[in-house]
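Listed next as structure tokens is one chain, alone, in the form predicted alone.
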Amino acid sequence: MELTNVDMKRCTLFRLSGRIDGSVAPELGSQLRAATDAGRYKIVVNMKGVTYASSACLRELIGAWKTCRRWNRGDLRLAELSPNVDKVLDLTGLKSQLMVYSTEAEAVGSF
């Protein structure tokens, strides 16, 4: 997994690529928690380059999403889903819960 994050004016942008399975999902979770611990509750996760997302990845995303939305502070939004991740989110029913955008610019602009 490759992860980069950028603090923007409106939100924090995470760009993910590669496989996100149980061995690297805790790293994703710690990066997301670091952002929320710093008071950054508006998060966009670009998953364009993600080839595989395990249940551990989904658990970390849901945990960050709940933290962001607690007390109406912000939100976690997904952008540019790869076909594999899109299918996983659709099968689990998370696609209807999380806000998904087709481009990174739309997701960042939604805040």
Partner chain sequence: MTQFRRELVLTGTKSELPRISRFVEEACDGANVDSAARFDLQMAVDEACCNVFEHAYGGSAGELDLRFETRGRDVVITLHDHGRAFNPEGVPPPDTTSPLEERPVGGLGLHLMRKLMDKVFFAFSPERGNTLVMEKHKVVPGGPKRGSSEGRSAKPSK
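Positions refer to the first chain, counted from 1. These numbers were taken from a predicted model, which means no experiment stands behind them.
What comes next is about the form predicted in complex with the partner chain, which is not displayed.
Using a 4.5 angstroms heavy atom cutoff to the partner chain in the predicted bound form, none of T4, Y41 and T67 count as contacting. When contacts are judged by a 4.5 Å heavy atom cut-off, R33 does not count as touching the partner chain in the predicted bound form. Although the partner is absent here, T92 sits close enough that one of its heavy atoms falls within 4.5 Å of the partner chain in the predicted bound form. Under a 4.5 angstroms non-hydrogen atom cutoff, the partner chain in the predicted bound form lacks V100 among its neighbouring residues.
Contact annotation: L58 falls within 4.5 Å of the partner chain in the predicted bound form, judged by heavy atom distances.
In the predicted bound form, the residues of 38-57 lying within 4.5 Å of the partner chain by at least one heavy atom are, in order, Y52, A53, S54, S55.
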